[in-house]
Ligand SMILES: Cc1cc2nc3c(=O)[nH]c(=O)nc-3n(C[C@H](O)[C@H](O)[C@H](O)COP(=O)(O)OP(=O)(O)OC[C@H]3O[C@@H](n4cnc5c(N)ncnc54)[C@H](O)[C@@H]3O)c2cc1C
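In the form predicted alone, a lone chain appears below as structure tokens.
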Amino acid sequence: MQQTYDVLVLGSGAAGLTAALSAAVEGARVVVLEKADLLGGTTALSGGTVWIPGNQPARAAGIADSCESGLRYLLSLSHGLILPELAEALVQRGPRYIDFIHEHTELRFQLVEGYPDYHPERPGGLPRGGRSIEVGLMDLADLGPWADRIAGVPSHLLIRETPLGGGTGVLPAPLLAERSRAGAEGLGRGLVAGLLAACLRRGVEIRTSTPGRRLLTDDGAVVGVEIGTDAGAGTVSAGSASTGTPVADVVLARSVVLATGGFEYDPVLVRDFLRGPVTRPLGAPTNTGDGLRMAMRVGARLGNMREAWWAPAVSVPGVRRDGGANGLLASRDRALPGSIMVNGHGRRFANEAANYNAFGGAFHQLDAARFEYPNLPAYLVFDQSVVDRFGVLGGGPGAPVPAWVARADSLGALAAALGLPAGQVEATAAAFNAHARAGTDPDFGRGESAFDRFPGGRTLDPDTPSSTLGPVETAPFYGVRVESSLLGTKGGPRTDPDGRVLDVDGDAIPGLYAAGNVMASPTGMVYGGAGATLAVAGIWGMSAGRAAVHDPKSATSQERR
């Protein structure tokens, strides 16, 4: 099998679909090849939020912000791991990306009011929010047969209505029924639906169950991809060259965009590259490093390989539609008053209300004496007051706690059920409770940041630590195991601001581009705020798609890094 296209995109998450749309807008003939039988990758499983400094919805709401402030914020957190020119491209092109989406899709970005940056007290941070935005509800019925081809679980909520975005997760029954009848969805599936619809209108060809195996090259330039299908190996050419396999000529630029996601489901790559243990990935199970290996074979320079979008996770019984094990991001529940987290020794070990990327780093702390990771696994412990006031693990206030969660009438009995030292858990809770009643956490500073107070601040006072600090004292008590997880890896081939993949000498590999989690993230170890992952995917997808069309095949040398 052989076919010729101007631009070939591997992957159908936000990065891949945006790259395909961008190339199609420029007049290219585009094909998207998706490894899985469902579209959307990790984007379809996400909250669909995008983090953009100086964005238009914030400006319309009267929020003072700028790209310069956003850049100052990122660099203040960089620890020298961010290339300034890439961070500058990220923030400068963010508003341009919003314009692109508004012009070429039915998606419309809206402000997630009040959502603080993840480190809002740092220079340039926004404690009252303004940089996290989301798209409105999309009617999936308009996609026809493609509506059932998107990964993830149908959700008729916006992120602002979910517990993660400051809501309850519960809609009035009539409103929920109306949205359900209309097929109106938000979050990551809504974002994928809007991008997919725009791609289809532009004539982009979409193929599922078609994994890329190997890049085809000719005289150092990438000219196509060897693929695997149910019928066996084949070739889809993105160029005209003698490669051992006959291919047809094309008219416009011949390019390949890698948007295959990360490598968190490949234990060998995880072992060799990531800085700490991963026991429970959350993203799409097809994230096995395909694009990374393809880029390495043609001499790509790698960057940021030890980093990921870290997160704590709770395993949930069952299997998702995409074949991945069920799981929940342990984010909001641990930040609510009446909850704490302890390690296997029954001790608190971090600020429970910290953002999930920062908190995930606590799993990587090594005990030099015992030579163990003492905080892995960890345990979320909460009381009945949390259930009644806020709801837990995706349920609304007062909703029953899932049957798979351990429970007991005393903290000591709960600790025993979890295999923890009862006396130490009781002592830990007693010390925490005394400080919580006084509105302070001298051990880890919980409640000092505006972000700490956001999860409970929509119900309680967001300006006081009481929105996150509260004693764990109301029986019954509940506990659940928490694992080291991530939303995706963020290391891979190094690119320039336009998504051109660079070789080991810092020169662009002709015909090869990358966007999203497959590439070396421009944010280094930093997770600036809710939606930073999708911002990188969208902005680099937009830039790579355009460059893939307009670059000459003999790409110019890039500044060596």
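Don't overthink the numbering: it's just position in the shown sequence, from 1. Since the structure is predicted, the reported quantities are computational estimates derived from the model, not experimental observations.
What comes next is about the form predicted together with this ligand, which does not appear here.
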key: Selected contact from P497, G524, G54, G47, since only one has a non-hydrogen atom within 4.5 angstroms of this ligand in the model of the complex   = G47
query = Of the options L282, L77, V472, A197, which one has a non-hydrogen atom that comes within 4.5 Å of this ligand in the model of the complex?
reply = L282
message = Please identify, from 22 to 30, 36 to 44, 62 to 70, 506 to 514, the stretch that has a heavy atom within 4.5 Å of this ligand in the model of the complex.
response = 36 to 44
message = Each of T286, D290 and A537 having a non-hydrogen atom within 4.5 Å of this ligand in the model of the complex: is that the case here?
response = yes
task = Examine A532 and determine whether its closest non-hydrogen atom to this ligand in the model of the complex is within 4.5 angstroms.
result = yes
ask   = Looking at the partner-bound form in the model of the complex, is P402 within 4.5 Å of this ligand by any heavy atom?
value = no
task = Report yes if any heavy atom of N343 sits within 4.5 Å of a heavy atom of this ligand in the model of the complex; otherwise report no.
result = no
inquiry  = Taking this ligand as it sits in the model of the complex, is M294 in contact with it (heavy atom to heavy atom, 4.5 Å or less)?
reply    = yes
remark   = Applying a 4.5 angstroms cut-off on non-hydrogen atoms, the residues of 6 to 29 near this ligand in the model of the complex are L10, G11, S12, G13, A14, A15, G16
